[in-house]
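The chain below stands alone and is given as structure tokens, in the form predicted alone.
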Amino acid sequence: MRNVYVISDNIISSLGFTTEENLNAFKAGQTGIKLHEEERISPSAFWASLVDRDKLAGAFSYHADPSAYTRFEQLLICSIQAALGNTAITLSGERVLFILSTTKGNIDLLDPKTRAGFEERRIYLWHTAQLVKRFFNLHNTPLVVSNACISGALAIIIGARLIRSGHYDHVVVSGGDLVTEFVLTGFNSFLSLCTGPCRPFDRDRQGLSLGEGAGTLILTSDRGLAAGNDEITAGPGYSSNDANHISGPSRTGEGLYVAVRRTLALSDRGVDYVSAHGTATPYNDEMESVALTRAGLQSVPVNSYKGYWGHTLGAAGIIESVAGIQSMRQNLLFNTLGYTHLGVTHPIAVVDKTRPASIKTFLKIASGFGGCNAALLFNK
């Protein structure tokens, strides 16, 4: 089977519009999670990580008229455009596929005021994918991956498999989500939101912080395109479902453990670092500690990026994979922002400060509503 190389990436979040800007914020220990007062989202103040609306519109204006595209569409197109700028790949090629990863897409269009000027079907995920196809003159029909909070990680797994099996030579994986009234109200109904920046794996964690953003990874089978790029390869990876509860993960971590075990079984290399889902909710963090311990990874350094930019839903698996890839390239483990004291029953090696480390392989894991789980390896 063919190797799958990562040749370009991008992150757009509250911390910046490029991968480099986000990494610099990590190194400075900055969080994008702040207290906001926006009546279009909530009648009361709320903590979240939001992308600056004016900055986004300004960045998008270099590509097209912002008034003709929704915020979600602007995020995706800006992220894809930035990642493409570092490659020679043309999306109109017959051997190129675009995969869209999201949980809610243009969900803010449920509000008639927001939808004004946009056709009703704009809310459908397939329509957003088709819009991106037209914008970039894509040859092939896009693929939409929407599987709760593992959407981004699963999209990468699928993209890598399609290249490895010979169906495509290049795959552009891009994902995003917005913080909207619908999303905020939904998580509020679970009483799962934190009053302040979240604290993954910490003893005093109170819940998750929501975030919005977009990310893009470009995968290829062409080793020549990866030259000078440390030859980062993606895969193998697996997904699973613990079939436990619509919103609660298995207490035994069974689903995630199965995904991790099957992924590691396909590799002859050890794991130097784990990028966890790490939402800072009691059940998720505890479940991950159980699954990692069962998989024998309790001594491997593990971190969560949620304290920097919150939980970005359909973008999370992608932008956190990008951050992990940059950790490998820079041989640097990033601090789990908000973490101070271990707050899970199965001791795991949570990264509590940014420090140098030799990283040749890292494992990205994710879990989501409905019991879905995903695990994938990246190698240098």
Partner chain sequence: MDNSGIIRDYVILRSGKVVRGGREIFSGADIPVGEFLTAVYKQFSINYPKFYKMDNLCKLGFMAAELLLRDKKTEESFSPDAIGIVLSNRASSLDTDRNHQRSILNRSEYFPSPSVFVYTLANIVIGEICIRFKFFGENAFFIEEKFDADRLYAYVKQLLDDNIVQCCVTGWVEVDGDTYDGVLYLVEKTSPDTDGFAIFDPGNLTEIFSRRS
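Positions refer to the first chain, counted from 1. Values in this document were obtained by computation on a predicted structure and should not be read as measured data.
There is also a form predicted in complex with its partner chain; it is not shown, and the following applies to it.
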{"item": "97, 77, 232, 292 - the one with a heavy atom within 4.5 Å of its partner chain in the predicted complex", "value": "97"}
{"item": "In the predicted complex, the residue from 195, 90, 247, 299 that sits within 4.5 Å of its partner chain by heavy atoms", "value": "247"}
{"item": "Interface membership of residue 224, its partner chain in the predicted complex, 4.5 Å heavy atom rule", "value": "no"}
{"item": "In the predicted complex, residue 189 touching its partner chain (heavy atom, 4.5 Å)", "value": "yes"}
{"item": "Partner contact for residue 146 in the predicted complex: its partner chain, 4.5 angstroms, heavy atom", "value": "yes"}
{"item": "4.5 Å heavy atom contact, residue 112 to its partner chain in the predicted complex", "value": "yes"}
{"item": "Location of its partner chain contact in the predicted complex, chosen stretch of 67 to 75, 278 to 286, 153 to 161, 212 to 220 [non-hydrogen atom, 4.5 Å]", "value": "153 to 161"}
{"item": "Heavy atom of each of 24, 30 and 62 within 4.5 Å of its partner chain in the predicted complex", "value": "no"}
{"item": "In the predicted complex, residues of 99 to 131 near its partner chain [heavy atom within 4.5 Å]", "value": "103, 104, 107, 110, 111, 112, 113, 120, 123, 124, 125, 126, 130"}
